[in-house]
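Next up: a single chain in structure tokens, the form predicted on its own.
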């Protein structure tokens, strides 16, 4: 029986294993090897030299881009979580089942169009002669320079991640035990206190995972910082393209990419550990 179960599980898990090997493990191994190659006369040579790591980690521009990328991704995660929670809370507890299904459908619709197209549409809204400044002009305000700013980059990040964050929070809130909320109300707990002491702790895992997905998506995003932020300040994704254009330095670009992957793995590990910390303590008790 054990052999049958093992063979059955192996058979159905094999496609996932092959997929991970072909599209993650093997490319990651090649990326690690590539980071030790050298470039001479615009030609890459398969050496084993740590000069690329030393060079990139010794450049102030690398650490400036790293700090900027982390700060923007963390800010986007916090902002998306704050903006998404009232929406997901209202959909979960204030709408009927039919209205909730329509709301979920509306949250999915943005993914029907290309992210790049949506970012280009924001250029029409945020340019000096764009729709936003035209509307502000009716009230005697502006025009304001909104394009090619960190604020415009954040708008692009919200376009990319906010619908997904709402959906992930929504699916977490839906499975909260309603009797806990009723018990809090019976004990004369106000609505706001119930949210912070009952709802948020109960949906902690989903809320953290939603913020984590936002961080992952925005940390490696290239479109918004370039087409809405104007490439200033420089992020790691922009630095990768600049590095490859400068003398075909693909090995140094591999160093940047591996640093990004390592950062995301570390953040994901810490976020998941924080999300399940309360449950682990409860299980021990």
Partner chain sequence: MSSEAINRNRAVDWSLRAYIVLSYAFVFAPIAASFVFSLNSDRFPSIPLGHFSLEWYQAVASDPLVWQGLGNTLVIGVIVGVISTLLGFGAAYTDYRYNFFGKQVYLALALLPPTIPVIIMGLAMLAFLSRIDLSGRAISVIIAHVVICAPFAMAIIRLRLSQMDPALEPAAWNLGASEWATMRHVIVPFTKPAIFGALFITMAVSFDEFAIAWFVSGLNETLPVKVLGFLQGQVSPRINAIGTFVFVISMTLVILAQVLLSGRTGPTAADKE
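Positions refer to the first chain, counted from 1. In this text, rigid core is short for the largest set of C-alphas that superpose within 1.5 Å between two forms. Because the structure is predicted, anything quoted here is derived from the model rather than measured.
Quick note: we don't show the form predicted together with the partner chain, though the next part is all about it.
With a 4.5 Å cutoff on heavy atoms, residue 207 does not count as touching the partner chain in the predicted complex; it lies far away.
The closest heavy atom approach of residue 234 to the partner chain in the predicted complex falls outside 4.5 Å. Taking the partner from elsewhere, residue 264 is found to have a heavy atom lying within 4.5 Å of the partner chain in the predicted complex.
In the predicted complex, at least one heavy atom of residue 159 sits within 4.5 Å of a heavy atom of the partner chain.
Relative to the partner chain in the predicted complex, residues 105, 114 and 191 are all within 4.5 Å by at least one heavy atom. Shown without its partner, the chain has 121, 122, 123, 124, 125, 129, 130, 131, 134, 135 in segment 121-137 as residues with a non-hydrogen atom within 4.5 angstroms of the partner chain in the predicted complex. For residue 261, a C-alpha deviation below 2 angstroms is recorded between this form and the one not shown after rigid-core alignment. If you fit the rigid core between this form and the one not shown, you'll see the Cα of residue 17 move by 2 angstroms or more. The Cα-Cα distance between residue 245 and residue 115 is shortened by 3 Å or more in the predicted complex relative to the form shown here.
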